[in-house]
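Okay, so we've got the same protein chain twice, two forms, each given alone as structure tokens, structure 1 and structure 2.
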Structure 1
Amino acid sequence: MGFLVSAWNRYKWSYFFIAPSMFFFFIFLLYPVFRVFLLAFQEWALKGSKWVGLRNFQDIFFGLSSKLFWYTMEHTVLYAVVVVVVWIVTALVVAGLLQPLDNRVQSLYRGAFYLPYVTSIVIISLVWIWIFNPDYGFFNWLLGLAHVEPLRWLVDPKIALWSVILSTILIVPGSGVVLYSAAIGSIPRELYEAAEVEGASAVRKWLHITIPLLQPTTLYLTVIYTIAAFQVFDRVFIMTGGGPINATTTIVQLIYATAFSDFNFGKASAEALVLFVIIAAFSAVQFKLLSTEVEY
């Protein structure tokens, strides 16, 4: 008790200054999350909610719509795996190519690569819709130059999801480039000089010095990219609307449709809770595989 009183006397002004932020945190984040958890076990209605236990989860995994749930989950996992792997590799390679350049030039390229990251996803998606247009799109124009039949990029169920993935991975992840560039710049030069004395080539230095010492940064980027990929919604919603015939529907889009089209907020909350568990499981595995005590 004395410890709490002492802490209050010492940090009371700190608590006062963070109180407004904590208030909004509880009202607009913590409380909604708590409500979602409760709704997952209820059947929502305007007249009032009724406790149904695990019935919403049974409907998700074994009900009539279970095939659609697993179908959308398959799309989401495929999207997440491809996008995260390509983004990590792309960010690492680009950051490595920028490292020998002058600091001013590096800053210029970092800003250029980071610009799409702060650009509205709506604008970017609309541009990609034009690029994929089957009649006058840029990609089909390129195929026409090679005398290849035009593709129905966003209409053909066989390639629609891959078209959305392509529109994502062709954008260099600016956040990864910036973080990798900073991390590479903080690695002691003495390590590379010692490797050169031993006759190590540039590739061996990259594989045995740079990549291992960047593991904490790789872990951070892998986790945040995985979370973002599993929550993909706006890009798919704008470009395809989940079609054709649910060929590009992701789990977040399914949650949205369940809640705001079917008005089944209980089931939508259960689907969101399942998604949270899956993301947490993926993150735990990534921490297990990539965590290290070395930081640069």
Structure 2
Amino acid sequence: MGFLVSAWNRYKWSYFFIAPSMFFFFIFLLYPVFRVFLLAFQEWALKGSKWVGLRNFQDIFFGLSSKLFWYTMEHTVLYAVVVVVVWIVTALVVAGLLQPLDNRVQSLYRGAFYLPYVTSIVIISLVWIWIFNPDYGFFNWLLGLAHVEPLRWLVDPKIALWSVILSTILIVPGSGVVLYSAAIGSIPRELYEAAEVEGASAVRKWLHITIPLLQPTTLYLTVIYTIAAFQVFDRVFIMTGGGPINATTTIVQLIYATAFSDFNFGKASAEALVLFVIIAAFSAVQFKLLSTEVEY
């Protein structure tokens, strides 16, 4: 008994300090994670769920609707690959262009590049709907000036996904520019000076000094942008709702529809687990990177 009392006295404050956040963490995060593993193997009903083994997964991968799932995966992967590649290249180029400028000018530009992300994706997506409007939208007006036939950007199933992708990649990734700029700041000046003595051009310096030395940041950004791209939802939901005829449905959009249009909670949970596995694989890479160098 005395041992317990002294242990309690010794540790009570520690438990007091972690209690509030651990309370919410266990109830609203750990427990739902545990529950999603159960739900994925159940057919959910308000009055008692039924175990169905692997049927939800069978449904997803081989069932009648499996075509939609693979179609959805295709969209998500295409979106992720294009967006991540363009974003990384854009951020690298922009950060490289910013490098020789005065610090205050740099931070002005960084602010400008980050400003679009300050408003929400919902807001920006509403503006894109207007820009993409087939009759009075800005883009079709531009095409008209160039004597190009107007496009039905978000309405034509053949190009709707590309329109969503275009709306994403036209905006310079502000976070990538900020992170790259910070990393560039820590590259030793002498390296560039040595290259200048040898008469290297700005482009060669960028290619042979900046890019190789930024590799950790590049790897890191690639992983976090890929994870974010696999979770794309807001802009798809607002701009197209996954349509037309599922032409823009992504994984999270599919989970949302399965859960809240079909009310098939079991299958939605199984789909969420598939997303979880994909993201966990990328997260493992991210975690590896983080444990090798945590930078602030």
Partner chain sequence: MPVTLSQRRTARQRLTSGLAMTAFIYGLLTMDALVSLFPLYWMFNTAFTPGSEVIKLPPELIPKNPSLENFHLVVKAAPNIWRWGANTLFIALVTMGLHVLFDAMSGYAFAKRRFPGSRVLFWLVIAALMIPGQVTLVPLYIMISDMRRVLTEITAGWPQYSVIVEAASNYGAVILPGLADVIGIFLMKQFIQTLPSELEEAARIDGASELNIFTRIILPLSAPALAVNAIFAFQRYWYAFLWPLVVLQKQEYYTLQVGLSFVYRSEFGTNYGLLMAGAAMAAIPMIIFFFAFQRYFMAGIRIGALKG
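Sequence positions of structure 1, starting at 1, serve as the residue numbers. Please read all numbers here as calculations on a predicted model, not as lab measurements. For clarity, a rigid core is taken as the largest C-alpha set superposing within 1.5 Å between two forms.
Next item on the list: Could you point me to the form predicted alone, 1 or 2?
Entry: Pick structure 1; the other is not the form predicted alone.
Notebook entry, point to check: For L273, is the C-alpha shift between structures 1 and 2 2 Å or more after core superposition?
Noted result: Moves: no, less than 2 Å.
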